[in-house]
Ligand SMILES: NC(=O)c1ccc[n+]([C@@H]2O[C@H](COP(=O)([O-])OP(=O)(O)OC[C@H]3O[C@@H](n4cnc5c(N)ncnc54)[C@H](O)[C@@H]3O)[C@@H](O)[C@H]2O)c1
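Take a look at this one chain, the form predicted on its own, written out in structure tokens.
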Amino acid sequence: MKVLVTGAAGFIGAFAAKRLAERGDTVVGIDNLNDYYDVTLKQARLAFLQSENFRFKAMDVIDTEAILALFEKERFDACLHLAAQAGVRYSLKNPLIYAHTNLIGFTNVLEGCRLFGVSHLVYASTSSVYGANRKLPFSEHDAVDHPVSFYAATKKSNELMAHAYSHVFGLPTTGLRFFTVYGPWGRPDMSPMLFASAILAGRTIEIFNHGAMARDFTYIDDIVEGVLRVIDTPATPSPSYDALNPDPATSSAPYRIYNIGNQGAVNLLEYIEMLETILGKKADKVFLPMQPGDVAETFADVSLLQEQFGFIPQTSLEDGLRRFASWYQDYYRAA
């Protein structure tokens, strides 16, 4: 296939683009290379992407004219939309950035797919859409109408926007709700990078909700394997959809939603202890209250992914953190 990967210099985008190119797809990657975090890390990811099957264009998804021109010129078979303004806490102070990138940018991608014959749009959603839900594990069959951050609200909006295009225009769309993705080349604003940096430098790490937190940590290779399996199978209408008793996981349109998580919630203190052991150094901890927009626990039900694609994530947190720590120390020692 010829595949567009938006956010190709990002964490998941770089790994997904690399796998697609390695298996023989023609991949065009775009990214605006913004300074939300270290641009040199994004450039380093692009450096390991170079191959005869990969081309990169510096481009912002909110540039409507440029995005539509790209779709018209390239005539993609599929689009993997990973470009977004991420981060829960950042959205509390900078909501307009999220509105521009996550809403206007997504609309531009939807229009490009609609107008120029893309056969499947796969896009990143997030476990954050479950918001105030407390029934665990989180299931695609659950309603997600109570987001607790503006970031989550924009990603839930993406799911609704995609459904509208699937229904009205017949565009096959699949949203993937990622659960706490970690691994080598990860984002510096995520806990593995923040904690590793602080522990090794002897700085204090902040532990919110006084440690009563748990996350479904999912290793990057498992995320990308799920993405590749899904992108090859365009969404179709759900035979079980019942308009009198609508189920959020089904639709009469070619629209699907899947969780991708590791099927387990790991306590934050247990996770930190594991990282301390791997790094060979104890953390200096400070315990703080719950932060606005945060949730106490995430836990993915991945039965739909398993039933329809025969895949569930396999990497244990200990193995994943060891691979992350090895990369982290090598990368920043070289830097």
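Numbering starts at 1 and runs along the sequence shown. None of the values given here were measured: they were computed from a predicted structure.
One more form of this protein should be noted, the form predicted together with the named molecule, which is absent from this view; the next part is about it.
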| said: Partner absent here, but in the predicted bound form, which of 286-294, 300-308, 34-42, 269-277 has residues with a heavy atom within 4.5 Å of the named molecule? | reply: 34-42
| message | If we define contact as a non-hydrogen atom of the residue within 4.5 angstroms of the partner, is residue 155 a contact of the named molecule in the predicted bound form? | response | yes
| message | Can you tell me if residue 187 lies within 4.5 angstroms of the named molecule in the predicted bound form, counting non-hydrogen atoms only? | response | yes
| said: Within 4.5 Å, heavy atoms only: does residue 16 come near the named molecule in the predicted bound form? | reply: no
| task | Give a yes/no on whether residue 49 approaches the named molecule to within 4.5 Å in the predicted bound form, heavy atoms considered. | result | no
| Would the named molecule in the predicted bound form be within 4.5 angstroms of a non-hydrogen atom of every residue among 70, 119 and 166? | no
| Which listed residue (150, 195, 219, 178) meets the criterion of a heavy atom within 4.5 Å of the named molecule in the predicted bound form? | 178
| said: To verify the annotation, which of these, 251, 174, 126, 91, has a non-hydrogen atom within 4.5 Å of the named molecule in the predicted bound form? | reply: 126
| query | If you look in the predicted bound form, which residues in 1-20 sit within 4.5 Å of the named molecule (heavy atoms)? | reply | 7, 9, 10, 11, 12, 13
